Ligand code: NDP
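Read the single chain below, which is given as structure tokens and is the form predicted on its own.
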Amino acid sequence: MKIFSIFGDPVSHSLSPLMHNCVFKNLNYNACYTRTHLIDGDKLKDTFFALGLSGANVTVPHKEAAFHACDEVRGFAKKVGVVNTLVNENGKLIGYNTDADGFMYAISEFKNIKTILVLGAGGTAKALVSRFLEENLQVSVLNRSLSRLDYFKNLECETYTWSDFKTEQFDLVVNTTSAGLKDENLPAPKKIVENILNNTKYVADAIYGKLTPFLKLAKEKNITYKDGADMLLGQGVLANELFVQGELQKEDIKREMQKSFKL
């Protein structure tokens, strides 16, 4: 039996085991998927092999550590320096990123998106911003501190900290921070968030499974919003394809994984 897992801190909330095990069970694939609470990202590679894993997903805050842990990085992950999917290929750790395409799937129903504001500057933000730019979208990034914004400045994005942010009109605002995941915090001071929400058509949060304070405010303002569930599904299908290495069909994976969201 092949064993897969998800690494993160926190990780107890993750729906990934349910999603992937639903696929494995219903499609008679001999594998199981677990959770691994990992505090120190530097121990990711050793832990992966100590557990005898065939593959894994990586969530906050270890996606950049996962990139550095890999023996080889492929595709979009190589471009952005962020890995959320790991595959054991003959004893080598191979890294991929399925977050960005998963998110594009999630927001496909939002129409006429041209300008996007991304809140946060971590691994998820790097992946999404790079993918947005590939679609020729205009992207701005707002982060608490200046130190993590260099990556986005080099991509010629407009960048802001809380102290110098100027309210503009955006088509979509995306929260990639962990604010609201295990607390009731907003991704920025409330006055800034209020101004942002008063000047956007759509809102998305990478967090799933709960109505975050950020999304609650959007709901109160009657803004069309989405949590991270569709992004989770999109990236999950792509990750599972990598795990099973062509032994299962993508449409079958998607069908069975969608069922897990109703359990």
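Quick note: we count residues from 1 along the sequence shown, nothing fancier. All values reported here derive from a predicted model rather than from experimental measurement.
The following text describes the form predicted together with the ligand, which does not appear among the structures shown.
Asks: Mark Glu194 yes when one of its heavy atoms lies within 4.5 Å of a heavy atom of the ligand in the predicted complex, and no otherwise.
Replies: Answer no; every heavy atom of Glu194 is more than 4.5 Å from the ligand in the predicted complex.
Asks: Is there a heavy atom of Asn185 no more than 4.5 Å from a heavy atom of the ligand in the predicted complex?
Replies: Asn185: contacts the ligand in the predicted complex.
Asks: Although the partner isn't part of this model, could you tell me whether Tyr208 comes within 4.5 Å of the ligand in the predicted complex, counting any heavy atom of the residue?
Replies: Flag for Tyr208 set to yes.
Asks: Residue-level contact is defined here as any heavy atom of the residue lying within 4.5 Å of the ligand in the predicted complex; does Gly95 satisfy this criterion?
Replies: Outside the cut-off, so no.
Asks: Identify whether the ligand in the predicted complex is within 4.5 Å of every residue in the set Thr47, Thr85 and Ser130, based on non-hydrogen atoms.
Replies: Looking in the predicted complex, the three residues Thr47, Thr85 and Ser130 all stay beyond 4.5 Å of the ligand (heavy atoms).
Asks: Only one of Ala56, Val203, Ala66, Met231 gets a heavy atom within 4.5 Å of the ligand in the predicted complex. Which one?
Replies: Checked against the cut-off, the match is Met231.
Asks: So if I measure heavy atom distances to the ligand in the predicted complex, which of the stretches 72-80, 170-178, 131-139, 109-117 falls within 4.5 Å?
Replies: That would be 170-178.
Asks: Enumerate the residues of 132-153 that have a non-hydrogen atom within 4.5 Å of the ligand in the predicted complex, in sequence order, or give none.
Replies: If the 4.5 Å heavy-atom criterion is applied to the ligand in the predicted complex, 132-153 yields Asn143, Arg144, Ser145, Arg148.
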